[in-house]
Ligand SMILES: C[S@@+](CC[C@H](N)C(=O)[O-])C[C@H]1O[C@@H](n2cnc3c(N)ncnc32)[C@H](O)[C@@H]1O
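Read the single chain below, which is given as structure tokens and is the form predicted alone.
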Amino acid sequence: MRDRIGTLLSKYDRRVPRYTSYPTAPHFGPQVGPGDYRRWLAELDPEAPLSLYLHIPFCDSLCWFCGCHTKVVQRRRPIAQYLEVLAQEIDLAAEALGPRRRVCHVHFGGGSPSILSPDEIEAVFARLNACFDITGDADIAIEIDPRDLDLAVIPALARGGVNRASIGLQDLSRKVQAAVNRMQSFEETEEAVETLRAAGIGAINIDLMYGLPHQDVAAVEETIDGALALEPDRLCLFGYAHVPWMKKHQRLIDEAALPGPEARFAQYMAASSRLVGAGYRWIGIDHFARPEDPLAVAAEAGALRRNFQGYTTDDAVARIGFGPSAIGVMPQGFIQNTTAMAAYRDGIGRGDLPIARGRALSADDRLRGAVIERLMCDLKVDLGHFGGDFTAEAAALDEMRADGLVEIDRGAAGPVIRVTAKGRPFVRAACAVFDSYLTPSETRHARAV
């Protein structure tokens, strides 16, 4: 059996995108700029609800596994200065959109949004509420690092309407934590969860990782058991992406301590099995949710979506991104803010939306993106439903079919692709078949498993 897994990994554990968008971010370019974005905003249906993403690009210490755009700060002044510019960007986008557009989802990401003070949080929400009509049932989520969380911040989050918190836990082993520069006790994580719930922020997500240095199955299972003791609504099980050529701080990680492909696979499968055994529904490749959770309900109904935060119930027609590196999603295409703080600040100072690059969608992009999203979300896709000619792609999946990873049936109008239970870990490899931009020589992506 181990030889069989090794063979499958050697064939399909390739460097492929996570497919949180299509085309993927490496294929965005400077051909889309601030003027295009302003026009796209003005063209949106004024009655359609929007989604907002706010990037807080600061942490008080650097986790060596991190793949996010962030900066370590020890003083409050850079944060305060940034929030002033962020408020101006919110004003610029709201002006382009028109008065107080309806918002159904808000997500604070980072970096570490929990680094903000209560006054700063209240100021951000005041600006958002002045510019947008955030619905009473909106999903408002924030990513939290328990290590930098001042518990006095939590009432401010609740007053702002936050109703979901994603808690970074990663791994409970002290040896693993030391190897990635993230020392975090179970007790401080538990205290954060309890305080959030006491304040009325009841939807709790726990973020876990496998494939970290010194991790093994026993360590991963111990972490899973600790996470389950917190009784979260959702858990995310992310595979560590070691890309030191892109994230130079990852060079601080001892590569010799990283588990090999078969060891990573064993960790992934052991963690997934334990979570399913505890009653959670396996959503896509790396999310787990209680059966009654909206994410599981959406998955059951075929209404699950995928974006840059992973699997989601967010079905807004457009997602407006704020902050350096933030990516927005529009019916017309994708846009991304500049990552450099100075360029971000200077652009907004001129009254420009700080767009550095993007991608206008072609009809073929939309078609392939829809196919890939359904495969990632549903683990199946009826190609006949989309109307394109995917004869070559279906044929390219024949080897995966022969290996028992996918099934290909004849539907009423075209092939129906189903990913098997054995094939779930390799679904990104199946999606890559439909990616017309991906080249075999690309090395910038994480491995498929």
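Bear in mind that the values here come from a model prediction, so they are computed numbers and not experimental data. Numbers for residues come from their place in the sequence shown, where the first is 1.
A second form of this protein, the form predicted together with this ligand, is not displayed here; the remarks below concern that form.
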Every residue in 110, 239 and 250 with a non-hydrogen atom within 4.5 Å of this ligand in the predicted complex?
-> yes
Contact between residue 68 and this ligand in the predicted complex at 4.5 Å, heavy atoms?
-> yes
Does the 4.5 Å heavy atom contact test between residue 310 and this ligand in the predicted complex come out positive?
-> no
Residue 170, heavy atom within 4.5 angstroms of this ligand in the predicted complex = yes
Give a yes or no for residue 373: in the predicted complex, does one of its heavy atoms lie within 4.5 Å of a heavy atom belonging to this ligand?
-> no
Segment that reaches this ligand in the predicted complex - one of 77-85, 119-127, 132-140, 203-211, heavy atoms within 4.5 Å | 203-211
The one option of 314, 145, 293, 365 with any heavy atom within 4.5 Å of this ligand in the predicted complex is 145
Ok, 101, 182, 345, 281: which has a heavy atom sitting within 4.5 Å of this ligand in the predicted complex?
-> 182
